[in-house]
Structures are given as C-alpha cells and as structure tokens.
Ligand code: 5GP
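The chain that follows stands alone, in the form predicted alone, written as structure tokens.
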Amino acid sequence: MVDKKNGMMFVLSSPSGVGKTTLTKKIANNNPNFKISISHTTRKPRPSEVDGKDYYFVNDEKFNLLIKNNSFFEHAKIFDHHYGTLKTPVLNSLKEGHNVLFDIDWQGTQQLKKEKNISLITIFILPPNIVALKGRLLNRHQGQEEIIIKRMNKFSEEISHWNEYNYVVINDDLDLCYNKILEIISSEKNDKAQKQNFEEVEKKVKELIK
C-alpha cells in the first residue's frame, strides 16, 4: 500500500497552449516540497529554455538507447518529437518525501497509470474557449502559422482524453486555476478526495469541440 503522507505523483495534462507548463512551474516555485519531473526530449530548445532545467535535450540515438534500456517511466511522440520521463530521479524524489509534478500529455499519463506501487493523481486542464487558446498559441509562436495550425488541429484528439483523468479544471484565470489545483492536491494528500461534476465538464468539452 502506498503511503500518501510520503511523496505523491501529480500529472498536469492539457492541449498545447492551455497553460500546464506555466501552472506546473508556479506550483513548484511556490511550494518547496514539490519537484518538477524534467523530461528528456529530442526537440530543439526554445530561446528561453535551459538544458537540465526545462528539459534534457538529447538526440534520437540517445533517446532510443534510453528506451532500449527501459529507463523511462513513460515516453511519447508529440508533434514529430519524442519526450520521456526517467524513472530513477522520480523514484529518488518520492523516497525523499517530495511530491513530483509531471507536465505530460495523455499518452504518458496512460503509461504512468499502469505503474504499480505509486500514488498518482491526474489533472486535465481545459481552456475557457477556443479564442483564448488560439490567442495563447499566437503569443507563443508569433510568425509560425504552420505550428499554430498543427496544434489547433490536434486539439480535438487531445481533449477527447479528458475523462481518463481524476480531475478536470478550466484555466480561465491563472491564479484561480492554480488555487483550484492546490485544493485538489491538498485534499488528496489528506485522503479527502474531492467530488467533481463530470456532467458539467462534458458540456464544456462539447462546447469546445463543436
């Protein structure tokens, strides 16, 4: 039996541009007992990203070797690039009593859910509407219309996995969404799981993909 008083694993997933990375960093920066699981990736770093802090940037050969050696908890191909989470750093953090945050998609989440003897809570984040989502993507990928179109086209596929998660929250306001996630984390750490009205979530999802 997993002891929830020790380290737990919390997954934040969302379609691209909804804010999971920003929220993950905000939680870790403001709560010292939380560590972000730093993924390996084969994509090139963005201008503001630092190797070993945002991601471990590796080539395809190195990534494939890690897969061959069964080094990953989970790995997935997203937008033509590979991402993966190493087992050892996560397990060490949990043993030390830290909570570990995962900024991963539904593919990685499905793999983590198959792991035994871990305490895992999954949270899916929705945008308030399509207009807001496109606005965030435009800000992130200015002048890269092809990338924006690719991410918007993948939106329906990603959002279709919302019901595989323990909780769903809407990122209409960053601080409100952040506080809601903290409430969920606190309730789970204290064995007082919150109840969610998934009928309302389903209505929201239908609005987003209609």
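Worth saying up front: this structure is predicted, and the values here are computed from it rather than measured. We number the residues from 1 along the sequence you see.
The next section is about a form of this same protein that is not shown, the form predicted together with guanosine-5'-monophosphate (5GP).
The stretch in contact with guanosine-5'-monophosphate (5GP) in the model of the complex, judged by heavy atoms within 4.5 Å, is 42 to 50, chosen from 26 to 34, 162 to 170, 176 to 184, 42 to 50. Although the partner is absent from this view, Arg140 contacts guanosine-5'-monophosphate (5GP) in the model of the complex, with a non-hydrogen atom inside 4.5 angstroms.
Contact check for Tyr55: a heavy atom falls within 4.5 Å of guanosine-5'-monophosphate (5GP) in the model of the complex.
Contact check for Gly108: a non-hydrogen atom falls within 4.5 Å of guanosine-5'-monophosphate (5GP) in the model of the complex. Of the heavy atoms in Gly84, some are within 4.5 Å of guanosine-5'-monophosphate (5GP) in the model of the complex.
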